[in-house]
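Listed next as structure tokens is one chain, alone, in the form predicted on its own.
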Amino acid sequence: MTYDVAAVRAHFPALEEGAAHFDGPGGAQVPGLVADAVAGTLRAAVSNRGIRSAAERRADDIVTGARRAVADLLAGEPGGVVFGRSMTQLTYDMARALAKEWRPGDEVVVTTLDHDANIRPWVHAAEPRGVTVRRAGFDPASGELEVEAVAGLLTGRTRLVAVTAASNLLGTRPDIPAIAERVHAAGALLYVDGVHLTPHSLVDAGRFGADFYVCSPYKFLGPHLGVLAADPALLRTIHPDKLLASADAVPERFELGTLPYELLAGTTAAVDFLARLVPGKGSRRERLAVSMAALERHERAMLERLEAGLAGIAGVTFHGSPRRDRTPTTLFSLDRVAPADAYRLLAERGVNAPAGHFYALECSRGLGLGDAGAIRAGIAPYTDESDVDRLVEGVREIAG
């Protein structure tokens, strides 16, 4: 199906301010339909979930509707969808819960390609229990994390492997199904950070082999929230700390306090918006498949245009050159211009392309960029050719 980027852009009020946004990897702009869903929920009568009053039933419908929407997005089960404040919070909570069963001498594996939110929670959970943390390194030249880099660290004491589905710094997409096969053969669990992949590609968490898959709605055009998806049967074996009176059912026992109903309504609206990026028929999952395929083609074309333009500018250095498919993300720096200065100068030109390590601190250091990082430009569903050309021209002016 044809991807009509002008029609897509018309749904984003923020674009009326005139900036060219390449900051989507840190948080996407929001369609008006999502904002309307959030505001509409806040204006309506909503109370704690229940069946007696209309307000109770509305709250319950919002929660169950959001679980179904996320399950359609990730090819999961609604009963295995857990909501939290953020991916970071959910990962810390799950790490603490799983660590209750770990013993001295056990091991967990993390990777230096990952965002720190999929490293530090496991380190903090492991250390007090005498659990060894092993780090799988990536190739700084290509930005690739090879399967053997992870598999070579697995032993009979490995309890969990945490790995990203796509690097938020480089866009690298490790071979998650192959990693999952090796992890499960070792008798360990696989925790996959899908925050940077979910906005750009149709996800099937089960096909990936992910025991846990986490992502963030605000990266795929929704409100600020975190999502964890897992098999409900697996979640029933895990016992997190919770209030005595709170529900012990799955997935509710993993959710602390009353859920933010307005943000859940916005999440459902965001998934529905993604499903309607191009016209189509069928179930929401079927429409998502068509829309995400069209989106991938559009974003790939914009990335190719961007990198071709940047490659023609003297003094531009790209970092990492992943060989396999990657998300539409590029990391680059300019000779004699500090990343923070380039970021500021681009912003003065109405181009939002931030610089830094973006919490992928170990990855940035592994690339030799230190804590300063580099300029990251991410393509989003609303990115068009004029946006790309503005970024390229801005970089050319700064480099010159």
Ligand SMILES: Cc1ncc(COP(=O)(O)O)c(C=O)c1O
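All residue numbers refer to positions in the sequence shown, first residue = 1. The structure presented is a predicted model; accordingly, all values stated were derived computationally and were not measured.
Below, we refer to the form predicted together with the named molecule, which is not included among the displayed structures.
A.B. asks: Counting non-hydrogen atoms within 4.5 angstroms of the named molecule in the predicted bound form, say which of Val195, Val271, Val108, Val82 makes the cut.
C.D. replies: Here the answer is residue option Val195.
A.B. asks: Using heavy atoms only and a 4.5 Å cut-off, determine which of Ala117, Ala136, Val163, Leu235 is in contact with the named molecule in the predicted bound form.
C.D. replies: Of Ala117, Ala136, Val163, Leu235, the residue with a heavy atom within 4.5 Å of the named molecule in the predicted bound form is Ala117.
A.B. asks: Tell me, yes or no, whether Thr329 is in contact with the named molecule in the predicted bound form, where a contact means a heavy atom of each within 4.5 Å.
C.D. replies: Contact with the named molecule, no.
A.B. asks: With a 4.5 Å heavy atom cut-off, would you call Thr112 a contact of the named molecule in the predicted bound form?
C.D. replies: Judged by the heavy-atom cut-off of 4.5 Å, Thr112 is well away from the named molecule in the predicted bound form.
A.B. asks: Check Ser201 for me: does it contact the named molecule in the predicted bound form (non-hydrogen atoms, 4.5 angstroms)?
C.D. replies: It does not: once the named molecule is placed as it appears in the predicted bound form, Ser201 has no heavy atom within 4.5 Å of it.
A.B. asks: Can you tell me whether Gly378 touches the named molecule? I mean in the predicted bound form, with a 4.5 angstroms heavy atom cut-off.
C.D. replies: Gly378: no contact with the named molecule in the predicted bound form.
A.B. asks: In the predicted bound form, which of the stretches 210-218, 298-306, 245-253, 183-191 has residues with heavy atoms within 4.5 Å of the named molecule?
C.D. replies: Within 4.5 Å of the partner lies stretch 210-218.
A.B. asks: Could you list the residues in 76-91 that come within 4.5 Å of the named molecule in the predicted bound form, counting only heavy atoms and keeping sequence order?
C.D. replies: Ser86, Met87, Thr88 sit within 4.5 Å of the partner.
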